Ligand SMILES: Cc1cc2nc3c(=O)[nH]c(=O)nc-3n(C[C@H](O)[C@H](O)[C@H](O)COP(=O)(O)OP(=O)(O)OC[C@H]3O[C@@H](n4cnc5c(N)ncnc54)[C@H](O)[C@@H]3O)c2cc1C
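To begin, one chain is listed below as structure tokens, in the form predicted on its own.
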């Protein structure tokens, strides 16, 4: 019987990271719920046992139901009937299984019906669901919207909506519009308040909305008349089950993730409720929502990469050419080893980021209950900076790794991979979106540059550098120390120009260099805990070192005047 949790020892390894003890103690408030709920854990060991049991259930559902349904869902897809989305049959089966197992709203507090899980096991669940079907995770994973309601809504709204997420209702976040993609400051969906009815109403159009006909929707709208920037935007919650006032104009015809309905929505006097304060919709609430979504895409990327690597490995063992399995050819086994090394590195970065987010979120919620002690405030600030710096890094790098592994997996399949007879054809198509939505890789680089400017990455690299290691691993640390020196020189060369365009021009190279060093250290620390990561560490560092040297050489040889060579003249302009 397939189980995506028990067949992947890497998941249990990351679940048992040393920082989890502190995370659990903060999340459980020293296990105060044990006297209120009979299913609440009594100590750390009990909590980890609960995490493991739930992840085991999710792993079984992924292996036995979601993965087997993936191909049929990709063929059938959702459709629109009477302005409403109708899911594919397999999607309904997936949702039914997840709901019956009580796996919605698992991070929410128990008083709303949740399991009060930390971000790490939730991310792990998303990792597994993505491996099973990358499209379905976009429906299941939009329970992230509940986290935003939990953080910023008033208590009445929390009591109204959060138990519904825990009972299995789906969510959506309606942000983008036909003329406002990543530039959310340009959102023009209008929100007006009717004084007589004491009600907000929404009018306009949203586009590219994942699961747009979900039961509970968070909507970004312009509440301040006459404004044109982010300061005029507010966040609203819309109850689709109660009103069904939004019309689904169409479902987009996409390259991949076909089972996930991406909708164009029409709002005509749609009733909604303000979440939090006016004018804070983009400045505060959407940024929090997007950070959660970006971590989710990082998890999706790792899950897809896991599926692609496994398909390549299985095919390479079975496919015979010239009298032997193709896995015996150097060109193939090198590809597979690099794929595995990059997969392990991306997964380590994903769970390191998840732990940082866990720590920050735990302190954030505690700060809403009581005043933090000085040491707690310092820790909260530290982990907030790390979470903000690592989230775009994880999303950007994991999605690029995902695309590369899917590409190489299809290549190993040869002509067979181009046919719909093999899952890699679907996996390859599904992978492509990960480096595009919730902010392209280029936008993740822009966000991650803040971590460079503030010195967040370098400070954390120094912390990794000081970690005690087994003697046999010191050679690898010396390699990483040399890579760090090389990176610092490149960073200094770029920053000393004090030219923003020059920094942006080299931004991707700098972020790739920092990311390679960080992932290298994470693999080193993983190997320090468990030697089975040794091969991935060696292979990853060989590749990362050459990639960083190439980026460093390019930066060293470039100057301000060189940017002009890359600017494109208009094509086809007549004299």
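Numbering follows the first chain given and starts at 1. Note that this is a predicted model, so its numbers are computed, not measured.
In what follows, reference is made to the form predicted together with this ligand, a form of this protein that is not presented.
Trainee: Considering only heavy atoms, tell me if residue 329 and this ligand come within 4.5 Å of each other in the model of the complex.
Mentor: Although this ligand is absent here, residue 329 would stay clear of it in the model of the complex, with no heavy atoms inside 4.5 Å.
Trainee: Do residue 254 and this ligand come within 4.5 Å of each other in the model of the complex, heavy atoms counted?
Mentor: Residue 254: contacts this ligand in the model of the complex.
Trainee: Should residue 407 be classed as touching this ligand in the model of the complex when contacts are defined as heavy atoms within 4.5 Å?
Mentor: The answer is no: residue 407 has no heavy atom within 4.5 Å of this ligand.
Trainee: Quick check on residue 433: any heavy atom within 4.5 Å of this ligand in the model of the complex?
Mentor: Close contact exists here: in the model of the complex, residue 433 approaches this ligand to within 4.5 Å, heavy atoms only.
Trainee: With this ligand left out here, work out from 433-441, 114-122, 95-103, 223-231 which stretch has heavy atoms within 4.5 Å of it in the model of the complex.
Mentor: Of the options given, it is 433-441.
Trainee: Work out which of 201, 505, 208, 422 lies within 4.5 Å of this ligand in the model of the complex, going by heavy atoms.
Mentor: For this set of options, the contacting one is 208.
Trainee: Exactly one residue in 262, 91, 460, 107 has a non-hydrogen atom within 4.5 Å of this ligand in the model of the complex; which is it?
Mentor: Contact check passes for 262.
Trainee: At 4.5 Å, heavy atom to heavy atom, what parts of 369-408 sit next to this ligand in the model of the complex? List them in sequence order, or say none.
Mentor: Heavy-atom contacts within 4.5 Å come from no residue here.
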